[in-house]
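Same chain, two forms, each on its own as structure tokens: structure 1, then structure 2.
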Structure 1
Amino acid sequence: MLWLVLLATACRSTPPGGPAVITLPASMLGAEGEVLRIQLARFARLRPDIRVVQRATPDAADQRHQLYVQWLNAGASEPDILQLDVVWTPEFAAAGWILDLDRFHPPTDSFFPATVTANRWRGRLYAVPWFVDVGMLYWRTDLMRAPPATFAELEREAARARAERGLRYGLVWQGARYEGLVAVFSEYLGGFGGRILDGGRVTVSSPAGVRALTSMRDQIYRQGIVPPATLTWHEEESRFAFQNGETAFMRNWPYAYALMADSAESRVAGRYAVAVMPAESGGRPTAALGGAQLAINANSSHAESAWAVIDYLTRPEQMLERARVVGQFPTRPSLYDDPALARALAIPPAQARAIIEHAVPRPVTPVYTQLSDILQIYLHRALTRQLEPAPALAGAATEMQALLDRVGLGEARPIAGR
């Protein structure tokens, strides 16, 4: 296991027993690793009583999650600070692996509300939002004057672009059987007025859920604007289709924006913008929430020092630097009015903020991963026409509710579709 020790440059005397050593596993590669090293070096000069040790961990989310579970389940006191995916916080909180942070009085009203909601469990805050990620609709500014406000409008514009401009596709999204499919579906679901869960009750098979999944399926087979190949695609296949000028719309994450801006590599450079996904009457524009958060190991021997590190890394000046160096979105709304952020981000901050304000967490529950695994299967069966949308979602709801009931988190029978 690789360890990188950031030695403190003393600007004041350290305690007689030496500095408190805080371990922090995070990415050590590329710009993300570099900006963290720079920030921790500054922190060392400010707080010579605390020494931060970076611990290398896998960048792949599933591998990092597995490693965390091994450490925490064994009751290890290190690492002291954990970088969590947005859907892990309730799982780790319910297991007793991370500390309730309300004791430190974090300024929760300074962050986007959705990022705080995602990090609460049983009304208590267990992680601080570090940077935010959201699903968004990419649209071609050379093909239309404004982004579509409804799914019906999106479908009309996509069909028109194919007919008039000879595009191969109208719209692409991530349709392989993995977490990305659930994120896409959650945006359609919110756009039609539905939810996956309501407390401990599974509501994914509501009429709104059936309409959302039917819309996704019909865009492939009835309208022909989404290619069937999308059902094997992840983020990069979608990006390449949009970047190569093959489609009018793409649902993807913010990372793709800067990658497609180079005219030497992209056929759409300078001819696209982003917006929140559309919605129908009775629904609301919805952006699936992603991003990273920082939490404290419940067995840490230096919780106060760990909090000092988290507090420093999530301050406005560190977020602005991270946006400039890595391109990651701050979790503090106030920064989106700062001219420095406009110089840092590829996406205009006003556009980014408008989308983030529509962010919705995926179900905040300790068993989210298991629920998602079930839902992925049934969504994919419906989209590959093995099942009709209504029975597919009914099957998913039955299994999901059984899981919630089995672990003591269920409240009622699932809502059946019509």
Structure 2
Amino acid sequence: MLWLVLLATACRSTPPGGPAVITLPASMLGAEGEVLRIQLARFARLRPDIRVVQRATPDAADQRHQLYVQWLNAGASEPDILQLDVVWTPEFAAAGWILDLDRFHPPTDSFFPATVTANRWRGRLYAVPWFVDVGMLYWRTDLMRAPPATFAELEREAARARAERGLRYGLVWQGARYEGLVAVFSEYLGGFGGRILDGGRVTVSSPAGVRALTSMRDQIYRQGIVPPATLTWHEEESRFAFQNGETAFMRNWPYAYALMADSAESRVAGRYAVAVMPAESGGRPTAALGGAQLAINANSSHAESAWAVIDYLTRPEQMLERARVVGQFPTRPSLYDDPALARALAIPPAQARAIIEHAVPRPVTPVYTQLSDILQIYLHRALTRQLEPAPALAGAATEMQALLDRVGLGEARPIAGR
């Protein structure tokens, strides 16, 4: 047996030309950079023939996207591995920028089906789901007994908390003009029973869409529970407001949960819980499906080594550790029955799983970024009162439909019942 061990060790020793260098720009939000550093250090001991260089990327989704597009459009061979937002995979795959990973036989049956669907393009898998994000409603357990089920209840509770406890704000979300705003809007939209697209047809300017956007706007100017400052906020600014005890509710992703549990940093440690976002009759509680995937640059000179890194980072042990350190949700459903996950996550795994299984993907299309860019502009115009919600959504829908038609994805499919 010893010779086997020796042989295995020999195969994995540093090659004469030095190790293959793999670059991996990844998120450093919260404790993400730290957990990755720990995992890569362990990987280095297993595979001295591969050296992974960790790089930082901008936190804001759109800025990161822009940077990747610059690199990949220029045909750069670096970075080798890309941390992709769930909404980018079809775009990068269709552009030929990332490798079809089916050649490495990824264990696709082990991941939540929705996360696999979001990473397929023309039937092939282009990225491996790393962690899954779902938009959630954070609520203060010291201010109310149960989370609100409808927006009307949320507005009442928020107003009460402000009047009785002198809170500065009622609710905060991500309202800057970037991808985060579309994620938040998609949750209001689902809550009112609407959708952004239906096949090749843009359906965002439906009555449900107008009600959803009107509700967001009214929460700022009519009920006065959402501060106008939210219109410049990303994830972190919202978290700061919530963890400083300034607001009764916050819409955010799971990463905020673990960070706010630290009483040295957070004034609300031990005094909050999460729930799915509210809904009105005719709609359903909706969580935007987000999260990160790992893909390989099609021009990488070290595809095999890059795959070894991805395979390692997406194993159950690393996902459990990430859940414990960062609070991010694993993409492997089997882990939700593992007591180790219950110990690792502050949120009961069954509750996390229930939200994930109700998560609604944003449209899976190679022109998602362009569609979102148009929608962001019009949503923001309505929220800053430059346009009324109905003409804003009508304007967005016209431009989005024109874009789909132009690239041949806009065939209006007949829809039953319409």
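C-alpha atoms forming the largest set that superposes within 1.5 Å between two forms make up the rigid core. Computed from a predicted structure; not experimentally measured. One-based numbering along structure 1's sequence throughout.
The form predicted on its own is structure 1, not structure 2. Positional change of residue 90 between structures 1 and 2 reaches 2 Å or more at the C-alpha, relative to the superposed core. In the core-superposed comparison between structures 1 and 2, the C-alpha atom of residue 362 has shifted by less than 2 angstroms. Core-superposed comparison between structures 1 and 2: the C-alpha position of residue 55 differs by no less than 2 Å. After superposition on the rigid core, the Cα atom of residue 119 is displaced by 3.3 Å between structures 1 and 2. Here residue 99 exhibits a Cα shift of 7.2 Å between structures 1 and 2, evaluated on the superposed rigid core.
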